[in-house]
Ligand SMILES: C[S@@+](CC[C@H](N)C(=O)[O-])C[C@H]1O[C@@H](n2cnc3c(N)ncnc32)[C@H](O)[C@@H]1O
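Below sits a lone chain in structure tokens, taken as the form predicted on its own.
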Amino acid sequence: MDDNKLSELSKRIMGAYEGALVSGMVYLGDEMGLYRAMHEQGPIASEEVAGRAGLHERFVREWLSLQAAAGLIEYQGNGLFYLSPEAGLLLAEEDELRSMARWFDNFPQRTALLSEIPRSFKTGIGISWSDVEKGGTSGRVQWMERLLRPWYEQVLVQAVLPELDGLVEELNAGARVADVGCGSGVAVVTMAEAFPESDFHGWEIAPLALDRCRENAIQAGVTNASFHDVNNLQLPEDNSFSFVATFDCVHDMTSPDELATAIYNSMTADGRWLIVDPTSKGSLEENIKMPLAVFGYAASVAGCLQSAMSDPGGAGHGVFGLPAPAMQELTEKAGFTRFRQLDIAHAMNSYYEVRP
């Protein structure tokens, strides 16, 4: 027994437990507006924070003390707490691309799901996103929308679509577009607003997500976006779509091969498929060195792999199961002949343009 190794591992395990507790407190601070109450206020007392947030001071003071102990805010003595500009950007600015508070938005739902996950380990059958909704948990839809909305609204049209040569011109002129696995429809609505001459369609499997898609379209006032339940209407195999997108969902699919074939059959002879999916290095040895490896594998066990194994014989790729060579092989089996990785930097995802 190596006593130093034992001590180091004990600290790591306790750190993991503390991290879970702090995560819950970050969720509470975001949910109750405590970070926003402190933002750009300078050193502030617990009484003022509580007053600005409309909360009870004693509980706010204990929460502030925890935040200071965790190093997320600063305690400056004399009962004064300080949310630095850097912490404010990360925890209080909703539309900031670098904001991290929204990552904690589904913490209660994710922890609640832990009681269901042992069944997957025993049976090999995961929990689909639609099954999660049937259990009364819509938090994933809200979390994913909040998490990704700034990227869709600030990056997708402005920086990603122009990387596909000629696509913006096609969309301006009028094209038929599909987003498969469209979530709450923010990408569809964002593109529909930007390209009113084009016709946009989103496909989803989760009813609550589809409801939210339609709400987003109505709120944005777009009339060139439609949403479809894949259980009732499959992607039409009529070679009519000149652009198809899949955002962070191919690895979630129980049968990505069938997905790729359906997309191929739906596409015009010179169409293109934009794939955005998690970056993988292809081996555990390389993956565990990536900055978001812990997050990725944890999210996979509790979510992505659950979805990918939710049918008997599901592909079960998980978050890191489709490195670029495997993704290219998947598309080539479906009939695509051109595969190009785009030069777009992202902390988690890789971008691919695929063409017949």
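From 1 onward, residues are counted along the sequence shown. Here the structure is a predicted model, which is why all the values come from computation and not from measurement.
A second form of this protein, the form predicted together with the named molecule, is not displayed here; the remarks below concern that form.
Shown alone here, residue 81 lies farther than 4.5 Å from the named molecule in the model of the complex, counting heavy atoms only. For residue 104, no non-hydrogen atom is located within 4.5 Å of the named molecule in the model of the complex, even though that partner is not displayed. In the model of the complex, at least one heavy atom of residue 129 sits within 4.5 Å of the named molecule. Proximity of residue 191 to the named molecule in the model of the complex: non-hydrogen atoms within 4.5 Å are absent; the residue sits far from the partner. With the partner removed from view, the residue among 195, 243, 203, 264 that has a non-hydrogen atom within 4.5 Å of the named molecule in the model of the complex turns out to be 203. Contact with the named molecule in the model of the complex, judged by any heavy atom within 4.5 Å, is made by just one of 93, 74, 215, 248: 248. Looking at the named molecule in the model of the complex, residues 148, 181 and 230 each place a heavy atom within 4.5 Å of it. None of 219-227, 182-190, 282-290, 82-90 except one has non-hydrogen atoms within 4.5 angstroms of the named molecule in the model of the complex; the exception is 182-190.
Residues of 316-335 that come within 4.5 Å of the named molecule in the model of the complex, judged by any heavy atom, do not exist; none qualify.
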